[in-house]
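So here's one chain in two forms, each on its own in structure tokens, numbered structure 1 and structure 2.
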Structure 1
Amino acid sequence: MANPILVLAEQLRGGLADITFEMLGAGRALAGAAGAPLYAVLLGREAAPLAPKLGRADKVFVADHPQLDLAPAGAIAAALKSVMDQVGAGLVLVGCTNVSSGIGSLLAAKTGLPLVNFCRGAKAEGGALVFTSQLFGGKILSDVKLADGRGIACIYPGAFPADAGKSEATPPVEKVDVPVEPPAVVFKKYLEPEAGDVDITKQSILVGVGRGIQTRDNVQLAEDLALALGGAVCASRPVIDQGWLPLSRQVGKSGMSVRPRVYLALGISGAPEHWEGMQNSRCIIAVNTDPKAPIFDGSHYGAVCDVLELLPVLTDKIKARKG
């Protein structure tokens, strides 16, 4: 039997994140091909009660130490390394998420194992594993081989279906002891997202603007379009970081996940961290001056066009059509 595959279950505020099930699904397929068992690891006292939900794993290892709740990446990596050693794991899957950021790299540093970051695909080839990593903001893919199937893979949210990682079965649960050091990083408090003037997660029409909008003043062109359509304006990170729109309008990894009826992506390149937040929109329409922009790969409609030229014309035509 091949070395076990471990999935680090990710939870926040007492709930399991979708990425956990996405990784369990991906891990299940790899484990099946390699003839390896699939184990989930749950760390922290808050996390422990979630074990029964991880039925897609052959077993769930739980370290319910209170210091592992909201623990720094270093403490999680140390605990994970200990579980790896105890069960003789060969491959570890960790979420490529803000919550888990750095855990994979710290584990790689501790174990000396290779890490493949930004994974969107995974397949077994004999005893080897091949991961597809999405690089350069989505413009390039690299297939990376772990010849002996040993390593750490950081998995992008949304890359694998969550349903494949869900099961009604109740998994066996085993408690493990892991070393817990006095932490140099201590959780103090949550900073709740500020309620914005509009809740973009509840809008059915969203006009998304990216760096291509170029100036704060030009954001008004998008506001005009949103008004004509009866929707709201949201944005990619650079627009928010510039302070042109409030944080409550950010779509993506650190921002909101939206699923409107239509999402207009105007001057947005389609980096994976943005894609993550709007990929489930029912209809995606992208406008970009770069015909190779990754946003076109997943959109329903696209136009290679300057948004600054398009916006005023489009707004007028929509007003005219609506009468």
Structure 2
Amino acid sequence: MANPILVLAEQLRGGLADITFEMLGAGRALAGAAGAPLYAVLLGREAAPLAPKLGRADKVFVADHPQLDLAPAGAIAAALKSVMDQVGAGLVLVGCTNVSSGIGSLLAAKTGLPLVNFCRGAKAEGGALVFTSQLFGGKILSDVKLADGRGIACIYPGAFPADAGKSEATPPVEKVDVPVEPPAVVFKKYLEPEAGDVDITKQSILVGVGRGIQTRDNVQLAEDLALALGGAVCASRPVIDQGWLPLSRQVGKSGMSVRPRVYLALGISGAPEHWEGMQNSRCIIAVNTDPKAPIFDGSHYGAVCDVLELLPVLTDKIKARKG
């Protein structure tokens, strides 16, 4: 039997992140093809209550230690290395997110195993595993073969369906002891952003603007469209950094995660940091002058044109349609 596959369950504020279920679904497919068991690991104080939700795993290992709660990447990598050694895991799946940033590279250094970052695809090929890695913000996709099926893979959020990693089954749970040294950096508390005039997380229609909007004055064009649609305007980080919209309107890894019914990405390239915050929108419509912009890869509909030319026309058409 092949070496076990280990998934690092990502948790935040007492719940499991979607990336956990994405990795469990991908890991289940790889484990089935390789004839290997699939394990999950939970790290941190009071993490054990989350274990029943990891039913797609054959077993869940829990390392209950207060210093592993949102610990620095080095501490998590050391704990994972210990679990790998104890269970004989050959492949580890880690989320490519803010919470898990840096863990994969440090774990690869500690184990001497190859690291494949920004993975958008995974498949078994004979006795090998092939991961599709996203490079340069998605402009290049590279297939990386792990000939012996051993390595560390950082999974890009939204690349795999989360539903495939969910199950009503209750997995067996086993506690493990891992060495934990006092970390140099300690997490203290969350600093919530100040409430804005609009809660973009509760909007069913969002008009997102990026660098393509060009100037502060042009943001009004997006506001006009949002008003006609009955939605709100949000933005990628460059627009927020310019001060054209408040921080409460930022979508992405360092902003808010949204799930509207319709998300219009206007002049947004589709960098991984932004995609992470809006990937779960039910319908994504992208407009960009660059036909190779990564935003088109995950969009349901797209148009290659200048948003400044399209916005007034689109707004007028919607107003006319509404009468």
Ligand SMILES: Cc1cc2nc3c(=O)[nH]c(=O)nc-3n(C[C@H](O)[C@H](O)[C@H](O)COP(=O)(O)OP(=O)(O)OC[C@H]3O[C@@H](n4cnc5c(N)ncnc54)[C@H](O)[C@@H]3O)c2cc1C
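Throughout, rigid core stands for the largest set of C-alpha atoms superposing within 1.5 Å between the two forms. Along the sequence of structure 1, residues get numbers from 1 upward. What you are looking at is a predicted structure, and each value in this text was computed from that prediction instead of being measured.
Of the two forms shown, structure 2 is the one predicted alone, while structure 1 is not. Relative to the superposed core, T315 shifts its CA atom by 2 Å or more between the two structures. Core-superposed comparison between the two structures: the CA of A303 exceeds or equals a 2 Å shift. Taking 2 Å as the criterion, E174 does not count as shifted between the two structures: its C-alpha moves by less than this amount when the rigid core is aligned. The two forms line up on their rigid core, and R259 then has its Cα shifted by 3.2 Å between the two structures. Relative to the superposed core, D224 has its Cα moved 4.1 Å between the two structures.
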